[in-house]
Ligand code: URA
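Presented as structure tokens, the chain that follows is alone, the form predicted alone.
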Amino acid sequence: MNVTILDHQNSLLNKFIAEIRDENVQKDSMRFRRNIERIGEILAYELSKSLSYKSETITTPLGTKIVQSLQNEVVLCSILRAGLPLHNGLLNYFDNAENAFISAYRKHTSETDFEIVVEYSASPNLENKTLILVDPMLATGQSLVSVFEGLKKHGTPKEIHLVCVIGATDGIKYIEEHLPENTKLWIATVDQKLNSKGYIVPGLGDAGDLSYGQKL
């Protein structure tokens, strides 16, 4: 698996990451969503450099010009509900992309053990397309693997890209072992630890709750 970690190079991205982590800034849910969206835009731009392009001629008011246009058929797939702000950020750049949505949640069997339950999916045909799986938090990696398995019935993508905001090293290792070898991960920043419940430390908390309010 090819892994690109964006915060290894200083940029404005680091400001947005700092704000989504800061518990004082997190009190403004609109700003939290917007920062996740902006991080998605940056990730989309970096990912776009790895895609395929073709030459085409456009007409301007004063003549013609050969330009490079995206050749890939992109499908953005987000894990509900936390993935929606990040999805919007990528959609701002991949504005012609098809869209898929899938649910995945942790069903706890004990204080520390859980299984991933996938109950809903809506997806176009994925056959020979560029699939971009969107999930802000890559903790254990089990959700992304379960979602990928759930999408197989919609066809086999030509390329698979994962886009995340914060991940843990254990989660990255897990998806390396369970997803196709040619998968590419684009992630803003990586933390080293998971706690006993499988949450990223220091992380930022629950991205879905911070975006949309606490759930029962």
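All residue numbers refer to positions in the sequence shown, first residue = 1. The shown structure was predicted, so the numbers you read here are calculated from the model rather than taken from an experiment.
The protein also exists as the form predicted together with the named molecule; that form is not presented, and the subsequent description refers to it.
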Open item on the list: So, residue 139 and the named molecule: in the model of the complex, are they within 4.5 Å at any heavy atom pair?
Closed with: yes
Open item on the list: Taking any heavy atom pair closer than or equal to 4.5 Å as contact, tell me whether residue 106 reaches the named molecule in the model of the complex.
Closed with: yes
TODO: Determine whether any heavy atom of residue 22 comes within 4.5 Å of a heavy atom of the named molecule in the model of the complex, and answer yes or no.
DONE: no
Open item on the list: I'd like to check something about residue 199: if you look in the model of the complex, is any of its heavy atoms closer than or equal to 4.5 Å to a heavy atom of the named molecule?
Closed with: yes
Open item on the list: Can you tell me which of 131 to 139, 71 to 79, 115 to 123, 86 to 94 lies within 4.5 Å of the named molecule in the model of the complex, counting heavy atoms only?
Closed with: 131 to 139
